[in-house]
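Taken one at a time, structure 1 and structure 2 that follow are two forms of one protein chain, written as structure tokens.
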Structure 1
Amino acid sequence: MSLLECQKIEVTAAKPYPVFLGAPLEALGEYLHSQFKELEHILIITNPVIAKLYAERLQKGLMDYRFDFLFVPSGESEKSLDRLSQLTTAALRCGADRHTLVIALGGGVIGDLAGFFASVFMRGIRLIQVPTTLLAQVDSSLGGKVAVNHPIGKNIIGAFYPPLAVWTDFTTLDSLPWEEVENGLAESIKHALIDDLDLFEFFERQEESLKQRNPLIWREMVVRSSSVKVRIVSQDEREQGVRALLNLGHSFGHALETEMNYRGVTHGQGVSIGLVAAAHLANAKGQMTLAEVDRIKLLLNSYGLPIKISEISMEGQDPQVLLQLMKADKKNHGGRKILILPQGIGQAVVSKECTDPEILDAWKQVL
């Protein structure tokens, strides 16, 4: 597929940028030549596994530039200020300056870390996101949120820093382990829950085709899920209103990830359990029927996603501890916990009236 054949969605933010869908890695250099006349140096931030798979293909279009690879080990724990400092040292040794372009080649961890590095290095340098996982393609590369973690909470130190473009090559999904696929599926199902009933029904209908990785069905899923995220981000770039809905399941999921120190639980597993907890809380508040809660659980389970903590951890989690960890959630205001709850399937609302006993009961439903 040539660059001319790929699809393009525009994020209409304060600084609009294109999201290219089905864009070959080899063609990125052609795009850079058309957009940046003064570009000389590129930093490609990735991890060794991704580099082994895709570096050669990406390099084919970059031969006219001076470029350096900066490698980051895999794992959520790499999203840290220590790793940011190490990247800064390595970038300076490569001669990076204010005119350097950062390419974030990888999944959500690389996109968040490389994006935050680009936002603060010499007060901000150019950035292009090249997502290689389903999670990154449908969610984390879109919208300009970049961050590193803090021991008290996930993504606490960050910025809104939109890329100049998002470059999505669907063929990078071919070699993705199913555990990584699940991360993206959890986010895609979340998109369906908050804004697209038809997409939710698509996941119900196409279970076998998605599990068999039918290329046309996968492409449709990525395009439809990405479109939900782009539509919401375009309305509310800096999360002052409707964009908060994209955090459905994340208040619960991030608390669980933090409690388990990002080990033994993937982001997708945390979000999946968080969606179930949020659905139970919505049911308790009269916003969702038990039949709808069961429908959500059935869909998540059909794709191998957990609906209870016991499915991923042999150790019992203390709901009081998890409740305390939710205090660090960025949506909270004035000491009140602000949660996103589904309202049926295909809609969601911001809830400012959830009490601690109600949240504890929701945690108990997924223990």
Structure 2
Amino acid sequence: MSLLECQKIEVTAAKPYPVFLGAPLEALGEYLHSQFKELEHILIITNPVIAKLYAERLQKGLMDYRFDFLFVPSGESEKSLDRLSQLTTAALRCGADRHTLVIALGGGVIGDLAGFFASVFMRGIRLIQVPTTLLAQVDSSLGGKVAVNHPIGKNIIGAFYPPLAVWTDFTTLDSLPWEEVENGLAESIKHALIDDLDLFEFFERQEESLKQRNPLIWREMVVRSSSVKVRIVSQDEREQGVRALLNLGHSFGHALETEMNYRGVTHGQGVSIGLVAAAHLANAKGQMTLAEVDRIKLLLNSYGLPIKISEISMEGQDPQVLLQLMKADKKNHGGRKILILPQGIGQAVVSKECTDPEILDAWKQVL
């Protein structure tokens, strides 16, 4: 795919930035030349798996610059202050300064870590996100949230630090294992549920083509799904209102992931079960018909995503424990649980009115 075929959408936040969709890795250098006349030094932060697959292609366009690779092992545990400190040491050894530009080449872990590094290194240096997982392309690279984890909580130490651009090359998804695809699909289906009935129907119609990774259909799915996120974060960059809708399914999902100690459950599986629980709760509140709940379950299941906890765990989770774990949710306010609920398919609302017995019932529906 040539640069001419790539699409550009814009995040219209306080500092607007372009999102290039279908932009070849090789052409990033050309873009940097056109935008940043004074640029000399680039730090590419990535992991060895991604570097082996894509460093050569990215490097092709960067030959006029001095660039260094900083490698981070794979895994969520790398989003840590220790790793941030090691990156800082390595960057200084490479002669990085305030004029250096960071390229975050990878999934959400690299995007969040490298993004946070860029936000604090010498009080902030330039950042370009180059997402290589489906989740990163449709979700984490968009919207400017960057963070590392604290032993007591995920993404506790972070910032809003929008990149100068997001450079999305769809071909990087060819090498993504299906389990990782599922994590992105769960978020994409969530986007459809929140804001785009057409996208939901597209997922229903294109199941086979998506599973076979038909490039044109994949392209359309990534473009439509990222457009939902771009639309939402453009309206509410700092999560004062509508951006909270992106948490649909996550209050339930996080509680389940925590209860299972992040073992035997992927984030996508947690979100999928969370979406079903939220749909049941919406049904109990009169915001969704049972037929719509079933339609959501059918769609998630058709992509291999679980709709009940028993599909992924034999432990027999206690709904009371899961309910208690939801108390720790970052969205809660003044002791009240704040949940995002779908309203039919293609719309969602923030609800402060859910009682514990109602939430408990929703958990029981997904056990």
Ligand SMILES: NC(=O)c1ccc[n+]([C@@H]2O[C@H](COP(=O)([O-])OP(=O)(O)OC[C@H]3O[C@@H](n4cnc5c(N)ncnc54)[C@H](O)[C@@H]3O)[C@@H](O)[C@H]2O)c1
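Residue numbering: structure 1 sequence, from 1. Here, rigid core means the biggest group of C-alpha atoms that superpose within 1.5 Å across both forms. Note that the structure is a prediction, hence the values are computed from the model and not measured.
Colleague: Look at both copies of the chain and name the one that is the form predicted on its own.
Modeller: Note: form predicted on its own is structure 1; the other is not.
Colleague: Given a rigid part rotating relative to another between structures 1 and 2, which candidate among P215, L197, Q343, T289 lies at the hinge?
Modeller: Where the rigid parts turn against each other between structures 1 and 2, we find P215.
Colleague: Rigid-body rotation of the smaller part against the larger between structures 1 and 2, in degrees?
Modeller: Smaller part versus larger part, rotation angle: 11 degrees.
Colleague: Could you state, for a rigid core superposition, the Cα shift of L360 between structures 1 and 2 in Å?
Modeller: In the core superposition between structures 1 and 2, the C-alpha of L360 moves 4.0 Å.
Colleague: Quick one: how many Å does the C-alpha of G253 shift between structures 1 and 2 once the rigid core is superposed?
Modeller: A shift of 2.4 Å at the C-alpha.
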